[in-house]
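What follows is a single chain, given as structure tokens, in the form predicted on its own.
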């Protein structure tokens, strides 16, 4: 079943068309990667799905319902990015409690205990978030992003700046969690090895449009390249002067 459907989604800022009537969908237990060079419209697309930016036209549908009330559908999704920091002066446990209250988690204590165990947060639970390493902050951000058991998870470079061991921990956790909870994931990443490992389908975006799409294998074969990074470079540089 499709969890998220994007239909002719468009965003115009003044005279600049940042997102040009794009279409895609994500089903249960599927990870779709949204790739493209900086400034191609990925962040604007994610912001519209989150309700942070109002689309100029088009629609966003969750579970066959066209969304008009941001508060209603935000409870069904969540977001994680190393570029969006949690309150630095709050301890990890305090951050988790705040977000549990915001998402009106009825069994907040049990849920937090579960996340602490699964993401190995016990050693840092009473440290201020601003004092954590990048790997520790990423694990706390991930805990926050699944505290409401979202059906749709939006990830913006979830392992950016992490060492290989911590990055692998995060990827393995996401793979397991997705299968266990039949979650739909939209992944924006510049790590092509990560995309190849995690994604079931890839959307290539440039200048506000989706210019190609398919599985990693399909795109590599279609463009006659050895890996997804070579495909990315070919499409990003296409038609450049």
Partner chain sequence: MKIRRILSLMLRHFYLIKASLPRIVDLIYWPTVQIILWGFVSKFFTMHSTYFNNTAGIILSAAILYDFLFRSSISYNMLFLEEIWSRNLINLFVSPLKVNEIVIALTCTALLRTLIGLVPAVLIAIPLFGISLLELGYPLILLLLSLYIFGITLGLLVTAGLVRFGPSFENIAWASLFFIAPIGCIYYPVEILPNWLQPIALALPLAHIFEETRSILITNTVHYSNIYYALMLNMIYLILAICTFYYSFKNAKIKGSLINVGE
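Not measured: the values here are computed from a predicted model. Positions refer to the first chain, counted from 1.
Although it is not shown, the form predicted in complex with its partner chain is what the next lines describe.
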Check your understanding: Each of 75, 89 and 105 near its partner chain in the predicted complex, meaning some heavy atom within 4.5 Å?
Key -> yes
Check your understanding: Can residue 84 be called a contact residue for its partner chain in the predicted complex at 4.5 Å between heavy atoms?
Key -> yes
Check your understanding: Is there any non-hydrogen atom of residue 16 lying within 4.5 Å of its partner chain in the predicted complex?
Key -> no
Review point. Is residue 98 a contact residue for its partner chain in the predicted complex, using a 4.5 Å heavy atom cut-off?
Key: yes
**Study point:** Partner contact for residue 79 in the predicted complex: its partner chain, 4.5 angstroms, heavy atom
**Key:** yes
Exercise for review: Check each of 37, 214, 58, 51 and return the one that places a heavy atom within 4.5 angstroms of its partner chain in the predicted complex.
Suggested key: 51
Review point. So which of 149, 131, 118, 94 reaches within 4.5 angstroms of its partner chain in the predicted complex, heavy atom to heavy atom?
Key: 94
Review point. Among 228-236, 8-16, 214-222, 21-29, which stretch has residues with heavy atoms no more than 4.5 Å from its partner chain in the predicted complex?
Key: 8-16
